[in-house]
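Next up: a single chain in structure tokens, the form predicted alone.
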């Protein structure tokens, strides 16, 4: 009877593990996600200022996932990523405006405006995919950067639409002063973006992405259409960025071109994605939260050293690229394999 019960429990656990793996989670990863979900109820994480750190961690992690879809799979670093995120933020903020200082006063609910902003950002990603079709490596990254600079310039100069450097004060997403509901919104967005990207990369699209990232000529000779897969990759990545931009606009309720679209914001996301491990997607999630807590602590402890976090990002990126190019996720996979081999050898010894 006991053997039958144990066998039944084992089959049930195997079934749960298979379901989790289909959406890109290992059992340990799912447990960490559950722990993250209950943290806002546990002191000191329940305090408002630490909740803001958690929100920013989830926001940065979601960006890293969307960024890694392009950088880690088709091997193109989208240096215009922050500008495209800002495009989604500005689109949603402008559509939600009711004040007379802008020429657009539609007063659309932010919940709809966020998705319209994502569609606009996705369309720009669609165009960017076509613009970089004939470009590779550094040249494609520079083209993406130029597009980002153009979007930043438009946000600064279209004063009647964006108020330029004066910025916008879009309405908040929720009528509450508590950060906890916003944390669960961005956590849901992070998980949704991760699952969608993971499902895509596990399909034939993912195989095509990796082939294009390794050798576009060989991929084309194998029958892969670079236009189809590269444009789709850019579109999906930028759509996710635009959606996150909408959340940014209606959570921080303060929007300026410099604060959201500057290239330094892209560098932060790039650093998290690369330190986490290119081509893993979940590496950025694993890296973002401890990094945000560490950086925010440094900012509060050393207010006289602005920009210190960028120096730390740079040093860590250099160390990772020299000594462990697969990043934190690669180290976790290596450690997991070593533990598995050790267990098998130990069981075999008996």
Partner chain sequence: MAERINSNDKTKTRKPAKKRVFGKLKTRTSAWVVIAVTIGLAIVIGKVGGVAQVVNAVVSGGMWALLAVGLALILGVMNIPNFSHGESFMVGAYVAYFVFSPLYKYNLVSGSKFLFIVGPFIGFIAAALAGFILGIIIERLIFSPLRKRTRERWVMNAFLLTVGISFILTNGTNLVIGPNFRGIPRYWDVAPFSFLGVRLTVDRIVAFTIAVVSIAVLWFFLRRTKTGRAIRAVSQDESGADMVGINIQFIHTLTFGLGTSMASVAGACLLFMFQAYPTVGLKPLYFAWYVVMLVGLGNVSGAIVGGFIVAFLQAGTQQFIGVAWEEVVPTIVMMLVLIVAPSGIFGSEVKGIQEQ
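Remember, predicted model here, so these are calculated numbers, not experimental data. Numbering follows the first chain given and starts at 1.
There is another form of this protein, the form predicted together with the partner chain, and it is not shown here; the text below is about that form.
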Original post:
Should residue 231 be classed as touching the partner chain in the predicted complex when contacts are defined as heavy atoms within 4.5 Å?
Top reply: no
Original post:
Going by a heavy atom distance of 4.5 Å, is residue 264 a contact of the partner chain in the predicted complex?
Top reply: yes
Subject >> 4.5 angstroms heavy atom contact with the partner chain in the predicted complex for residue 313 >> reply: yes
**OP:** Give a yes/no on whether residue 252 approaches the partner chain to within 4.5 Å in the predicted complex, heavy atoms considered.
**Re:** no
Subject >> Heavy atom contact within 4.5 Å of the partner chain in the predicted complex, the stretch among 106 to 114, 144 to 152, 232 to 240, 193 to 201 >> reply: 144 to 152
Subject >> Residue (of 173, 94, 118, 270) lying close to the partner chain in the predicted complex, criterion heavy atoms within 4.5 Å >> reply: 270
Original post:
Here the chain is shown alone; which of 207, 259, 166, 135 has a heavy atom within 4.5 Å of the partner chain in the predicted complex?
Top reply: 135
**OP:** Heavy atoms within 4.5 Å of the partner chain in the predicted complex is the criterion; list the residues of 269 to 303 that meet it.
**Re:** 270, 274, 278
